[in-house]
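This document starts with one chain, in the form predicted on its own, laid out as structure tokens.
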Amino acid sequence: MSSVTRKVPARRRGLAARIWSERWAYAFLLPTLLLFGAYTVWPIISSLYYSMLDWKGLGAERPFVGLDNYREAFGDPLFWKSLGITLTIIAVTVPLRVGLSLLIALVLNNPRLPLARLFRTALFVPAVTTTAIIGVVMGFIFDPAGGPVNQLLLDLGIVDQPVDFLGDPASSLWTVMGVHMWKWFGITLVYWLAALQTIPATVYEAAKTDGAGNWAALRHVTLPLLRPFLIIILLLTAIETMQIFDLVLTMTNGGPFFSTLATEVYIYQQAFANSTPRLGYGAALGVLFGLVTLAFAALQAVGIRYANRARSSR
């Protein structure tokens, strides 16, 4: 018994000694930990708490309602519609972005291509432009009353009358998805360019020595070696596509007739923008949407593990 009691304090002293010896590392980490706790951990905890209240965001009355907000969310058709719209945006834009960016990356990765850096920069510039500004500008560009897109279509004789791209439920979602793809295309392109840089030049030299042409090298060397990155890039792009709030808000505000009502916009409307804000209900919707995002993040972790195994088995 005495030997056990001696080992425990010794272990504690050893841990305390290691912490003290690395005190400067912990001191430099402290600001980051404080900010992470204040702006990430605490909002998550407070959202869980607010989701169980019937609170408008103002006033001292905060009646506790338990899981009533979650029950209402499960029976809310607009919530399910918004979630369906968000998943539709993911299902349509993610494969297109990943596929098109891979094709462009294969072209721009050629060191003998003139002005390759200029093309890379031009494709990446929209990604670093403020999304809200792009949304406002696109509203003017697609404006049926004198917008340049409609003016061009009329001059070319493609349409007889202006098209209300953002005011027609049949075209508004497709227009938003097109702008979103253009805005973030450069990010996915950078992913693929980084993946292509991991393929050693000696592999291509060996393929040429064996008599493989450009098409054979692409089919039997490049694409198989890029396969582990495909899962990661797909999941990264899907998670990023879920964060479409600012573009939808500035372009359509979820309209017309809820045709572009992404889940983030619906949460914002319920919590802050309604005539009678419902912060508690909005928090419950945010928690549920966070669980969906968490599921994609879990898939991403599995994809990263698969990619590491695939790369180590080369």
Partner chain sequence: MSAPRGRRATRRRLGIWAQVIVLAVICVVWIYPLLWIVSASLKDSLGVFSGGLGLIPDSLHFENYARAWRDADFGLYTVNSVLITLGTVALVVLRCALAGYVIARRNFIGKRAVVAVLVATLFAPQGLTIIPVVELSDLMGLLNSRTGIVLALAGTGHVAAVLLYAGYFSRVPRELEEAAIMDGAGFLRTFFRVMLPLAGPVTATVGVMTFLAAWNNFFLPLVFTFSRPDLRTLSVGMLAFRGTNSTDWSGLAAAGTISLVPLLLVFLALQRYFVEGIAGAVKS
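For clarity, a rigid core is taken as the largest C-alpha set superposing within 1.5 Å between two forms. Quantities reported herein were computed from a predicted structural model and do not represent experimental measurements. Residue numbers count along the first chain shown, from 1.
Unshown form predicted together with the partner chain; subsequent notes refer to it.
The candidate site formed by 85, 276 and 309 is entirely out of contact with the partner chain in the predicted complex, as no residue has a non-hydrogen atom within 4.5 angstroms of it. Although the partner is absent from this view, residue 95 stays clear of the partner chain in the predicted complex, with no non-hydrogen atom inside 4.5 angstroms. The partner chain in the predicted complex is approached by residue 31, whose closest heavy atom lies within 4.5 angstroms of it.
In the predicted complex, none of the heavy atoms of residue 204 sits within 4.5 Å of a heavy atom of the partner chain. Interface membership of residue 158, defined by any non-hydrogen atom within 4.5 Å of the partner chain in the predicted complex, is ruled out. Checking 75, 169, 99, 114 against the partner chain in the predicted complex, a heavy atom within 4.5 Å turns up for just one residue: 114. Proximity to the partner chain in the predicted complex, taken as heavy atoms within 4.5 Å, picks out 231-239 from the listed stretches 217-225, 231-239, 86-94, 169-177. In sequence order, 264, 267, 268 are the residues of 254-269 having a heavy atom within 4.5 Å of the partner chain in the predicted complex; the partner itself is omitted from this view. Superposed on the core, the two forms differ at residue 19: its CA moves 2 Å or more between the shown form and the other one.
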